[in-house]
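Okay, so here's just one chain, in structure tokens, the form predicted on its own.
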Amino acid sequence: MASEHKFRLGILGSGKGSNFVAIAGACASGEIPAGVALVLSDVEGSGILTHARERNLPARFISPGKFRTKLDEDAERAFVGALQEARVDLIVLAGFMRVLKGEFLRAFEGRIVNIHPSLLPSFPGLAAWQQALDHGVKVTGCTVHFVDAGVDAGPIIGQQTVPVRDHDTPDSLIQRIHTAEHELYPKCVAAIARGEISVQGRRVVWKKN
């Protein structure tokens, strides 16, 4: 069942759900002082829904509607309503492949986080690991950031580097980036749940222990 911790997470995903697994595990172990209140997906057969149901967590498919890269108005209202009903404190995007727009962002302003497979602001958008290889960089990584109206443009919460090896392929590089994501994302979500994060303009400040 969903945890009864005071701090409640709503997790959105479209794919396999590996970041969800890392976060759910960190909640279960106490690394993140929070519980997963609801898991939503825009893909009916997604791995993230399977993983959530295996853990007896509330999980729902909501049809995204008629658009390919964003939610239509009805879908947006349905997502917002489900998350509000679940009384989530923070929305965690874990491979959610839809750009969030107006009403959604207004309903949860400053309470949506995402992880991106590059060291932002470098390589925003799709296939960031391929962009890193195409540009010949020697270091890439992943970034946890707050979500705003821009694409991968919100204030940066945390980053972790991943070296690019001379013989890397897109598959080998993204595998190592995923490993870094599974370490970084739970740490950042835990810090938010503990109240250790503040936003000052474009800068995110971590409180010192």
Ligand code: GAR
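It should be emphasised that the depicted structure is a prediction, and the values quoted were computed from it without experimental measurement. A residue's number is simply how far along the shown sequence it sits, counting from 1.
Another form, the form predicted together with the ligand, is not on view; read the next lines as being about it.
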Heavy atom within 4.5 Å of the ligand in the model of the complex - the one residue of 97, 78, 90, 137 that qualifies: 97
Looking at 32-40, 61-69, 175-183, 160-168, which lies within 4.5 angstroms of the ligand in the model of the complex, counting heavy atoms? 175-183
So, in the model of the complex, is residue 148 in contact with the ligand at a 4.5 angstroms heavy atom limit? no
Is residue 187 part of the interface with the ligand in the model of the complex - any heavy atom within 4.5 Å? no
Please check if residue 10 has a heavy atom lying within 4.5 Å of any heavy atom of the ligand in the model of the complex. no
Partner contacts for 140-157, taking the ligand in the model of the complex and a 4.5 Å heavy atom cut-off: 152
